[in-house]
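In the form predicted alone, a lone chain appears below as structure tokens.
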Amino acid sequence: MIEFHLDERSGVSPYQQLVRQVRQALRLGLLREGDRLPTVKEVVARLAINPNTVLKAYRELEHEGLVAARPGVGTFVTTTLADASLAAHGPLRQELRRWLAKARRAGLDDESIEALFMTTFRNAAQEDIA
């Protein structure tokens, strides 16, 4: 089962963070069709957030056709976002871990690593578009 976390520094609303985490888990094959999401009560207890925040996230996921609520039972994954590229994730993850270790040895903290990665990612995406 997915364990949600919130990053207050991200600038992204809590409900949107929950939606993104479910989408990422679906894309990475961590959640599969039939898996149950944590109940609203479980998420509220773990993250100390308003139940309406969790409900809003789950409603958006349901609207997108990714999950379905079963009253009295829970919210379940109805589809996956994983594709044929899933097989490439293992080697890429290992390579990324090596890069992260190298960045830490170079003295970068987590914020610096994230900033470097995101800037490089966005620049590469822009170059691909141009």
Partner chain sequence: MSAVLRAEGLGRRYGKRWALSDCTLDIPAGHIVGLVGPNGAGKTTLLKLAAGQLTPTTGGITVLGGSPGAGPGQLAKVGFVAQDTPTYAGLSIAEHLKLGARLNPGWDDALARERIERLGLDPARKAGKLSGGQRAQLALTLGLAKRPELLLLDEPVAALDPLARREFLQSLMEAAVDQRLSVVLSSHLVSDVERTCDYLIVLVDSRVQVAGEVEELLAAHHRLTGPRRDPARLPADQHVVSASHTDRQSTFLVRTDAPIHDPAWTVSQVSLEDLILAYLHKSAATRRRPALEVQR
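Values in this document were obtained by computation on a predicted structure and should not be read as measured data. Residue numbers count along the first chain shown, from 1.
This next part talks about the form predicted together with its partner chain, which is not shown.
The partner is not drawn, yet in the predicted bound form one stretch among 69-77, 28-36, 45-53, 88-96 has residues with heavy atoms inside 4.5 Å of its partner chain: 45-53.
The shortest heavy atom separation between Lys41 and its partner chain in the predicted bound form is within 4.5 Å. Under a 4.5 angstroms non-hydrogen atom cutoff, its partner chain in the predicted bound form has Leu6 among its neighbouring residues.
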